[in-house]
Structure formats: C-alpha cells, structure tokens
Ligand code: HPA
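Form predicted on its own, single chain, as structure tokens, below.
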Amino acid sequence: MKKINLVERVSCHEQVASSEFVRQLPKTELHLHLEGSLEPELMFELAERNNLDLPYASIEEVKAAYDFHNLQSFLDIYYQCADVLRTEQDFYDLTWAYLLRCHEDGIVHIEPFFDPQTHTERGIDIGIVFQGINRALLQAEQELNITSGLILCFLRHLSEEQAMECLQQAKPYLEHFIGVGLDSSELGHPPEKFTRVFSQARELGLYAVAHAGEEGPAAYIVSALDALKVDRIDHGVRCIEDEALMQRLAKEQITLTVCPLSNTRLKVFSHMSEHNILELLDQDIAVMVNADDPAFFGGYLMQNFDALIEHLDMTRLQGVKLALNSITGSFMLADQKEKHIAKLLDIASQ
C-alpha cells in the first residue's frame, strides 16, 4: 500500500487529540479476547441461567478481585470466570455485548480471539462455541456495519499435541475463522514450542498471529516471526530492548497489536505515563491500540485511547497514525481497507 503523508493530510496535526476526534475515526480492533470481555454483570446473569455457583457474592466483590500483580494472577481469575459460558446462547450474548461497545467506539472491523481449549476441556463442544460467536458476528455485519474475522488461539501453557487436537476439532468449522493465535502464560513457553501446529494451520490457508514480548523477552518476538512465521505480533512492547529487531519491525512494517491499559494493569509498565507505544509509533513501527481483556483491565478501545491522551498527550497526528495502522494491519480485503482509509483521511483533514 502506498505510503501516505499524514502530516499534509491531518489538520492541526501537533494539537493534542480529543476523545471526540478519535471516536469519529474508523478503527479496527485486532487484539481482543472475547472471554476477556465478560463483564461481571453478564457473568452473574449466565451463572444464574446455568444454575452455577460463583466464588463471589457480588459484582463489587468480583471487581475487587481484579487487582493483578502479573499476567498469571490475571489468568487464574480469567479461566475461572469463563466457566459460566456453557451454551450457544451464552457465547452469542458474550460476543454481542462486545460488539455493541465496538459500535459506540467507532470500530468498523474486528478480528477477535477466542480460546476453544478453555471450553472443550470443560466438556463444551467446539461447535457450540463457533455457532454462538459467529451468529453475533454475522448479525453485527448486517445491523452495525462491523465486519470481522475470528481467530482461534492455542493456550501456550498446554502442549503442542493438545494444540494439534484443537486444530483437528476446528477443521469442520474452517469457514468460521480466518487465523490462529497463541496466548496464555508467556514466560517459559517460547513460540517455537508450537512450530508444527502453526505450520499445519498455514497449510490450511489460515493467517497466524502470536502473543510475544509482553512478559516474555524480545527474543520471543523474533522466534514468533521466524519459527511461527506470524503475520502480526500481539503486544510486542519489549521490542525496544533489541535495536536490530526495532529496525526490522519498522522496515517490514509488522503490525504490533498493543494494549496500553492491559500493560499497565499487569505491571508491564508501572504507569501509563511510562508506556512506549507513542515512542514506537514515532520510530515508524506499525503499532495500533487494542483493549485485550476490557472487562478485567478497565477499558474498551476508546478508554485506551483516552488514557494515551491523558497521560502521553497523544496528538491528532499520532491518533490518525494509530487508526491507520489498525486498518492496514488487519486481514481485510484491499478494497475494504481503501474505503476506510478514505473516510479516515477525510475526517482527519477537517
């Protein structure tokens, strides 16, 4: 895609962006775990529907538990909360609630993650998961004009053999997802552990992405690119520790799906004012903004942008660059991208 001179196209480009300005811009979200959008209110509703007892007495008690000191402390609660998801309707309700938030935030396209192993290990048929999620995604395209492509993630704390089994279970539903990803506990589980299953996925015509360089080292980003041959890196903020990698990311314009509020809540950065997303952006690395697990980390997409405005004085130009990167880094068709970019530039120039 031809390089766009945004300085010439963005009015008042050095001015600090406003929330209203960013909300208007067409944006995609490429790093969102559907299970991580399960709000406490819906969790209680689904628990009651499915006659399940929760370890929490109230919504306030749930929210009080969301005081994480690292990735693993979050994951322990994350998997516990996902247990309320049992039926096709549950997965539909989860996905539709997230899509309504997307509509509010000016999101035009999503490529959300889901973790089938979290559910199949509990005896939930993978077809139920696919059917519930995709019913909501199809409805969103018709009613909200939000397009999508679903990404199946393997849990990296489990074995590659289990990931292979998951891919086999998903094969009858290939029409319902566009790619595979790698998430869960990063430390001690390098990307190369999953080389064979990612190779099989690519043979099936699927895109590939992987979490790397969040709690894990910059070397995990390199091995995700070289061993797994991923199309995008999820997180990737520790690339700044490797100058050669930084140069590679900028040269090859590899998209990093960064999640600012998540990074601060999980202590990757101690405060938003220390986050490096805009530093990476200004070094021509294709970073973009995402919400990761918004129900747990206190914010959907616009709340992440608002945090960058408040704590990093994000300019209008930087906001437009981040939105543009979200479009170009997606797996949308070229004509779809061009349509959204044209609207983006029109709004930015006003």
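The shown structure was predicted, so the numbers you read here are calculated from the model rather than taken from an experiment. Counting begins at 1, following the sequence as shown.
As for the form predicted together with the named molecule, it is not shown, yet the points below apply to it.
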| query | finding |
| --- | --- |
| Listed residue (N134, T255, S184, N276) with a non-hydrogen atom within 4.5 angstroms of the named molecule in the predicted bound form | S184 |
| Interface residue in the predicted bound form among V222, L167, L75, I124, criterion: non-hydrogen atom within 4.5 angstroms of the named molecule | L75 |
| Site test, K27, K321 and H340 vs the named molecule in the predicted bound form, non-hydrogen atom cutoff 4.5 Å | no |
| R232: touches the named molecule in the predicted bound form, heavy atom cutoff 4.5 angstroms | no |
| Heavy atom of E214 within 4.5 Å of the named molecule in the predicted bound form | yes |
| Residue contact check: L71 to the named molecule in the predicted bound form, 4.5 Å heavy atom | yes |
| Residue stretch of 310-318, 40-48, 55-63, 290-298 approaching the named molecule in the predicted bound form, non-hydrogen atom distance within 4.5 Å | 290-298 |
